[in-house]
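Single chain ahead, written as structure tokens, the form predicted on its own.
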Amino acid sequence: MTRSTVLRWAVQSLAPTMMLRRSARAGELGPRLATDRSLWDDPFPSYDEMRAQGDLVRGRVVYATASHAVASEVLRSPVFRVGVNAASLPPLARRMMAVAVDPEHPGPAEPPSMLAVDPPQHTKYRRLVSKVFTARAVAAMEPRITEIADELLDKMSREKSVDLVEHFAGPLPVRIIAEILGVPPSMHAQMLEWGNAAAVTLDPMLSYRSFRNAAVALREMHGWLDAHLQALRRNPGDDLLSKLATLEDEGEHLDDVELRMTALLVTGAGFETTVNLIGNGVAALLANPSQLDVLRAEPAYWENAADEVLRYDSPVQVTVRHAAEDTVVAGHEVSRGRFVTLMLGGANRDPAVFADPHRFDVRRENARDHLGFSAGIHFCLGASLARLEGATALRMLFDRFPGLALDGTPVRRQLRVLRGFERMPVTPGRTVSATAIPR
């Protein structure tokens, strides 16, 4: 395993990092944003700088944009793909692609994950998953989300100081995902560990140690999921994965590999988006107490507040698309095989779309126009669940603990693509009884 892991790390992380650093030294802003960790805590001035350079900034390796209009156009265009056609790459790049993925234990952003394939394969996956992951199914989860949140908040109320990520923002979405996948309570802690490891692989610039640890976790998770799916097929439950495992529609179904990858995607991408949404939302509200006052006076805005968090401090800051053919974007010719880096965190603060974009405003009328869930055919299938969990968690947290305050400096995760907190020490302060809070 060690030799193949080193080779895959060299292709997936080391080589791209070296190319990006070379471009950053040449003065390119996009690569500098990717490699200069001093910019990661507050990348927003750099997004403004990129936007000032143009709607689409050409670099030696990739194009980059912080424009909402351009990012939206690329995300919705059938010309731009998430997958890469090896035939469009130089011979060396094709050889590198051939060794970049562990075919038996791929990550959540690697084929055949729905996140990493294009039509017609993506069309099949999305149609089948959508048969099970419906709006009605998501709405039915609200009582359980509330129940789990109450339980976690009860435990927090007994502490003078607590890490919000460890004790609330992390466990809530993990337990919901575990129930979606039919995972028994005894495996929840393990799922949290695997979820963190799987999510890390969404970031391209990993140290060898992080990459190796993620590879080990992915192997373990694939092995467990394989046995779990066999058990669900023999004895399906009421969970959504059981329904997906037994679904047959128009002669099509998901095979074991496709089901494993769907479960892995839900665990990795689904967990990370929501835990970051909750943590980023707490940080934004504590830094803007007047907005918290608005929500207390007008609680109907909590759902909109969740979208404003997704706009203001996007849990996913960056995504990439690949041109499958020659095309024109924002007046620029983009040749076949070129990559475009979409700064979603920058697009979500584009003044052409959002008035006073650096202001956090829970009553913002067009907050939902953000690109935090992507757009086009790859729009996040779990968006409605993330919104529901985020709005419910934030409302219940601040209802229960009106005096919630930071108890030290929060620590952000050292990742470029994913934006969230590693730790957030808080003091719950005065506690309001759960029974006294109107629902």
Ligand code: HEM
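In this text, residue numbers run from 1 along the sequence as written. Here the structure is a predicted model, which means the values were calculated and not measured.
Keep in mind that the form predicted together with the named molecule is missing from the display, and what follows is about it.
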Inset, instruction - Could you work out which of Val74, Val282, Ala269, Ala305 is the residue within 4.5 angstroms of the named molecule in the predicted bound form, going by heavy atoms? - result: Ala269
Legend entry - Answer option from Leu152, Ile177, Met191, Leu229, heavy atom within 4.5 Å of the named molecule in the predicted bound form: Ile177
Legend entry - Region of this chain that lies against the named molecule in the predicted bound form, out of 379-387, 24-32, 52-60, 394-402 [heavy atom, 4.5 Å]: 379-387
Inset, instruction - Given the named molecule in the predicted bound form, answer whether the residues His122, Arg126 and Leu310 all have a heavy atom inside 4.5 Å of it. - result: yes
Inset, instruction - Using the partner position in the predicted bound form, report whether Asn196 sits within 4.5 Å of the named molecule, counting heavy atoms only. - result: no
Inset, instruction - May I ask you to check whether Thr201 falls inside a 4.5 Å heavy atom distance of the named molecule in the predicted bound form? - result: no
Legend entry - Non-hydrogen atom contact Thr341 with the named molecule in the predicted bound form at 4.5 angstroms: no
Inset, instruction - Give a yes or no for Met221: in the predicted bound form, does one of its heavy atoms lie within 4.5 Å of a heavy atom belonging to the named molecule? - result: no
Inset, instruction - Heavy atoms within 4.5 Å of the named molecule in the predicted bound form is the criterion; list the residues of 303-331 that meet it. - result: Leu310, Pro315, Val316, Thr319, Arg321
